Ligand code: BGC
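Below, in structure tokens: the form predicted alone, a single chain.
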């Protein structure tokens, strides 16, 4: 349907709706509200009486989450199809037959559907510097979500990850605005296509608007202190890009910025989101966050006041999630005139518009499972994404790749866990239920054993805190050529993952010291969602591989790289800190590298080695003087100067030499990934737009100032001047 047709249908439907039906559309409840209690272990997990109470009596517009089974775990695709069909059948019995929109956190694939294709997490996808892979991930995820009977994906995260302590860092596309913009919008376009009512597409949800990812103390759901200029320079652009890419829903920041909780911030939710960014879709609260304006934030004197504050600030749908309190209180507020009916109509029209856009009023037959779920092609794409996401950070004396007949001692807590490859939002919320992972997928250890021709010995359990038998590690090392030391983090997300320090636990440090003391070459492999401090270990290790969370095919991808069956090409999407308090992003300000201040990470943003070598040369700009408003054409040549075929991401940075607001030393503005044979060269062209040269000026408006600029690619720099 055209936009005009949808608008007309919404108006007709709205004219027929009671206040109760309207407020019901603004209400979202968790599955437990309609589910059979888990202790009953029922085959049919939906309670028909509860379902009728929610959908028919309270008119709820949305349901979210997986079933109330032990672990809140992933369900079979057949179970999901049956459950979502039951929900829609209930909606069809209501007076106006308005469909329910069922939402799910399909963060790196169809999280809660058994045997789905689970991709590398977002931090890894960013490390690929390959927008085509992000697009394909979006396509595959949408297809598998829709094949499951689900209609709405709470993804993708458009926060940028500039605070490495934050336990949701790995859900972001890294610390850079441009990289996160490109990867996030590519995912959205793959997920939604040109029409997200298509049977293999689904609407996305931008989150968490805005500033959530930059808590001062690094802990989830704690205050961020972000000024208006920084907000507009670093944190809003990714959301603006997601809106421009067509994402029709936005989930709101669970925490607060500058003393105002996200769910109470009219300036962010209405003045900026609607007035400036032009967002036309609907906003949804995060988990219980309207109630928390009263229970946690102490902004409201009652739960009723909390509902009023949030709705008037700009929240359209409340993830309540366990009761109908929002529904009851909002009806009271409208009847007493404290919330105008016009605000209700505004919110409901937005929700209904998205439901029409998503095709929910005219449901199509579900996709054929065999041809659209966990296909061989999708699994191959996932494996390629995992390969491209892994960063080779150090390779002294070309210790890697290993010979297939090498005798390898494998040790460390992440070596034999699928959960360590995937992290949170995998099968369960925290992703830590190892027993639920598909047995046919390979851990790092199993993948090495599959490929190796030599002896492979594993020493070490799967506990992150318990001490491994260090003496056994030392003894076994004598009989092996190399040690693969697999360290990192156990799975987590959200507040469960809050930590006090980026340092590794003492048990892992002791293991590393014992392995290094053997005198055998040590290859350090790290897995986990954050850059834990490995400085002393990495200095003594012969090789370092930063794996982060490469997903369900990550074990095989790592083995491919270890043995040279794949040439690594991942690059860091964050600055890897040298020390736990050494948190400086790559686009630091001049004052951060002045006198004794330095940008001195262990590994910088964009770092990543290959088994071949590349050189860039001939960096040029088309004109050394450009007028305000003109594009800047940049050309450079990339050559594979090594002996094997490889891929390289060419990164283009700019620097505004002098400006009325201090500018970063450099900012990424373009990148391209190319594959070259030995000796092969390729000329690349990039177009920098006026927006790429712009910044937020003194008056908080985006401007381009005349003056000198530099373009930086590889080891080359070239200048140009913007004139009036």
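Residue numbers count along the first chain shown, from 1. For clarity, every value in this text was computed on a predicted model and none was experimentally measured.
Another form exists, predicted together with this ligand; not displayed. Remarks below refer to it.
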Spot the stretch among 127-135, 281-289, 404-412, 506-514 with residues whose non-hydrogen atoms come within 4.5 Å of this ligand in the predicted complex.
281-289
Even though this ligand is not shown here, does it sit in the predicted complex so that 64, 319 and 494 each have a heavy atom within 4.5 Å?
yes
The one residue among 191, 571, 207, 355 placing a heavy atom within 4.5 Å of this ligand in the predicted complex is 207
Option touching this ligand, based on a heavy atom within 4.5 Å in the predicted complex, out of 469, 622, 105, 297:
105
So, residue 251 and this ligand: in the predicted complex, are they within 4.5 Å at any heavy atom pair?
yes
This ligand contact at residue 221 in the predicted complex, heavy atom, 4.5 Å
yes
Would residue 154 show up as a contact with this ligand in the predicted complex if we use heavy atoms at 4.5 Å?
yes
Closest heavy atom of residue 212 to this ligand in the predicted complex, within 4.5 Å or not?
yes
